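Below you will find one chain, with nothing else, as structure tokens; this is the form predicted alone, and questions on how it binds or moves follow later.
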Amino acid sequence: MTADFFAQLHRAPDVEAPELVAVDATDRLLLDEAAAALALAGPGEVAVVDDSHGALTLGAAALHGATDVRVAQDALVGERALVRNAERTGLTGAYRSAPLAEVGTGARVVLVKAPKALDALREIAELVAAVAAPDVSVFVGGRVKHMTHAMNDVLRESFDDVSATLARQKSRVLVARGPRPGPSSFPRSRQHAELGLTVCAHGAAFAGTRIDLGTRALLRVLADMAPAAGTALDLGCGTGVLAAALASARPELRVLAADQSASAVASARATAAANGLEARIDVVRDDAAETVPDASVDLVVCNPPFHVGAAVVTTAADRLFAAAARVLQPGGELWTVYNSPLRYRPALARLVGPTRVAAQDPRFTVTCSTRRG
């Protein structure tokens, strides 16, 4: 039954590629290691954090009898994949979505797909420990190559007992028990005096309170971007650094920031507020600017992802480039940055319009693409 059930699950609408799957060895191991605890859990006592595409949530319900499962997913496409997979398997009513801060309320079993960033794990641990049942068991699973002893240390900051299971198919599970409730240390903030900006970040936000090198490359050419623009979109905004820099430098701009990550959206809102720009920047959670009307923006800035999990794929960036083309007015500009070896320029010219290199070094290329009329 297990294999037949998992065969029904798909990644859509998430990025598809031959090396990407909807159910992986970590999902299977987590459900197996938690089987005994799941069997004892009552309605509403199972929580899931960062279920990639629904395997953990729906597997807990279909294979282990869990009911009223609560789930918090950072990625909007993950939420939507879960919805589709629940419909496909007849399990639409088996779960309900909840914010990360509330998902563990009263939970006795929590299944977590381990994030790569230690701060993301730290925020999950803090929030779950603060609201879960005293006898909660938290199962954190990931690929062995991505799991470190530092993860054990992070969990021990919020739980008394942390142990590791045996590895299977290159995956491992950490089990944390004995929650120690305390305040959350997120969002964190950092002043960047050289830019005159304060950056705020929740645990799962890309780069945290740092400003990554790709964003810095775009910041260096900020003054050259569409000088007559009245509207700007920070597409895939992360912590909102580009949105805040544009709003701060150009008071005439109406700035929108969009990202599909719940952590990124919360971080961008906190960054805007920390810089006194909350009235100037609208932050939305959506997928590839789907809530932004066609031909409504003069300038789009984008530092796109080029990794999906451990795979290097161009599909995610291509979707953002196509979204930029849709929302830009004719003659509007898309400014983007990417690793120079990826050579995105032909795709930008095809999807958006004439594309020129504005800055380049061996590591990063910054381009400006003008939307065709």
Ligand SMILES: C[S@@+](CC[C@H](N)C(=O)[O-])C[C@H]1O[C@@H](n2cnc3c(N)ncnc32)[C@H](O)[C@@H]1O
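Since the structure is predicted, the reported quantities are computational estimates derived from the model, not experimental observations. Note that residue numbering follows the sequence shown and begins at 1.
Below: the form predicted together with the named molecule, not depicted.
Check residue 288 for me: does it contact the named molecule in the predicted bound form (non-hydrogen atoms, 4.5 angstroms)? Yes, contact at 4.5 Å.
Mark residue 257 yes when one of its heavy atoms lies within 4.5 Å of a heavy atom of the named molecule in the predicted bound form, and no otherwise. Close contact is absent here: in the predicted bound form, residue 257 is far from the named molecule, nothing within 4.5 Å, heavy atoms only.
Find out whether any non-hydrogen atom of residue 198 is located within 4.5 angstroms of the named molecule in the predicted bound form, and reply yes or no. So residue 198 does not count as contacting the named molecule.
Check whether residue 320 has any heavy atom within 4.5 Å of a heavy atom of the named molecule in the predicted bound form, and answer yes or no. Looking in the predicted bound form, residue contacts with the named molecule include residue 320, since a heavy atom lies within 4.5 Å.
If contact means any heavy atom within 4.5 Å, which of 279-287, 94-102, 167-175, 185-193 contacts the named molecule in the predicted bound form? Selected stretch: 279-287.
Counting non-hydrogen atoms within 4.5 angstroms of the named molecule in the predicted bound form, say which of 73, 303, 137, 158 makes the cut. For this set of options, the contacting one is 303.
Going by heavy atom distances of 4.5 angstroms or less, which of 209, 89, 231, 215 would be at the interface with the named molecule in the predicted bound form? Exactly one listed residue reaches within 4.5 Å, namely 215.
Just to make sure I understand: among 216-240, which residues lie within 4.5 Å of the named molecule in the predicted bound form, judging by heavy atoms? Residues within 4.5 Å: 234, 236, 237, 238.
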